[in-house]
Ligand SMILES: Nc1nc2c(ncn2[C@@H]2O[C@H](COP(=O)(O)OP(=O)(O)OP(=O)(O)O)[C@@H](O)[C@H]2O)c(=O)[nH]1
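For reference, the chain that follows is the form predicted alone, supplied as structure tokens.
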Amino acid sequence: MTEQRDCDLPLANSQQLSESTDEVRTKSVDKSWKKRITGVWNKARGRFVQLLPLEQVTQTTVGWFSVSETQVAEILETVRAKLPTTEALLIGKPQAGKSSIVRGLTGVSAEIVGQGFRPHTQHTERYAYPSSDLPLLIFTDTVGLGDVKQDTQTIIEELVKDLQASSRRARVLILTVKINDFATDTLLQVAQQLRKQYPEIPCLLAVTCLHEAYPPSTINHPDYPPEYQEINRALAGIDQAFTKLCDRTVLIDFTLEEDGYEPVFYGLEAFRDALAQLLPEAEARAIYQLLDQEALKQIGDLYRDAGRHYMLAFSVMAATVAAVPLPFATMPVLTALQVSLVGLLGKLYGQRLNPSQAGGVVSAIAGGFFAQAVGRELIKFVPGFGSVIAASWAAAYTWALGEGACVYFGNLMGGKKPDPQQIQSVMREAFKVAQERFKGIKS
């Protein structure tokens, strides 16, 4: 990863676009962002019919729907409250596969996962994906569970206090046990107390590190599920201990590429299905969308491959907020999401951007796509299917913007001047492919 640095990234026309924004910003004193958006729409509707040239439409719509840092913060706060976010409490000993589960569900590297965890309480850490501003998944990891130096009761009290905090998010307990670990008294103690106090929170038991119990001659994973006697015998003992505490049990072995086992995330589909069965419909659907293997197909570029996981998460969020019946109401919201996405992608490529700089990049590389955005918003007038079309369009457009941003930052990383024509070409092709991929997505 290159050294992070401040970045003066926006192309030449971004300053003009910003000035256009200031001229048309609503003067409503109402602090509700939704009412401000309504004001923008009323003003924009009268002007739109006077604009015929495509270039003028594009430039004007960019000005209309750019948002200030204050607006971005307000919008993200509102969107955050509506996201189908899942809080997963990962409870298990060190080296029991907890961080590997995070890698499996998010697709980010072990290094990024390690850097992403932040202290939450004395004995827990927390990682939000794809970002703390807009999380679809929040992982809370117990630190030092089973260590003789740690007070198990203190860990339990911290977890209980965390669960006592009111939350509209879906919650799930994920217990992790290595297939060959039978010293599970501490984990049982924690699970028993949490389940007694919060029986409504579902619990998934993940039995991990399966390869450690394979027969000596085994060099790779068998077809799933594994049917070795050693695995079945160990699983029977674990099941007997946890059967009354957990709603589902799943076998997984999430390794590293250098370990030599394929697939790296052995049992991921079974884990995904078991987890989804324990979650509300919206959260379960988000889990499936985040693990869309076709969308995440590797293209051979390390940074762009990593960036695609963020792009998919934000595309899912864009579709979620796009099905709003008020025309143009989602434009500032989508802009705020895309500003956040570009900021994350910039960080991945070693560029640190503030929201204004990220917004400048969005405006600069989006080009004629904003004119198409006008058509996307107006189609919401079509009864019945308009919002679904808009949702798929928003997801595809967000994906295409992410691909364009990766090219932009990749050029900067390589010491090249970003080529607007190349970026536009990449975005057009990415948008075409993404439209097909996301055409069935529903908010």
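All of these numbers come straight from a predicted model, not from anything done at the bench. By rigid core we mean the largest C-alpha set that fits within 1.5 Å across both forms. We number the residues from 1 along the sequence you see.
The following text describes the form predicted together with the named molecule, which does not appear among the structures shown.
For the options Pro130, Gly343, Gly360, Gly97, the residue carrying a heavy atom within 4.5 angstroms of the named molecule in the predicted bound form is Gly97. Screening Ile112, Leu275, Ala306, Val250 for any heavy atom within 4.5 Å of the named molecule in the predicted bound form leaves a single hit, Ile112.
For the chain shown alone, Thr121 is a contact residue for the named molecule in the predicted bound form, at least one non-hydrogen atom being within 4.5 angstroms.
By the criterion of a heavy atom within 4.5 Å, Arg171 is excluded from the residues contacting the named molecule in the predicted bound form. Contact annotation: Thr186 falls outside 4.5 Å of the named molecule in the predicted bound form, judged by heavy atom distances. Interface membership of Gly144, defined by any non-hydrogen atom within 4.5 Å of the named molecule in the predicted bound form, is confirmed.
Partner proximity in the predicted bound form, defined as non-hydrogen atoms within 4.5 angstroms of the named molecule, places exactly one of 251 to 259, 334 to 342, 347 to 355, 233 to 241 at the interface: 251 to 259. Heavy atoms closer than or equal to 4.5 Å to the named molecule in the predicted bound form belong, across 196 to 214, to the residues Thr208, Cys209, His211, ordered by sequence position. For Thr140, the Cα coordinates differ by 2 angstroms or more between this form and the one not shown after the core has been superposed. One change in the predicted bound form concerns His123 and Val190, whose Cα atoms lie at least 3 Å farther apart than in this form. Relative to the shown form, the Cα atoms of His123 and Val102 move together by 3 Å or more in the predicted bound form.
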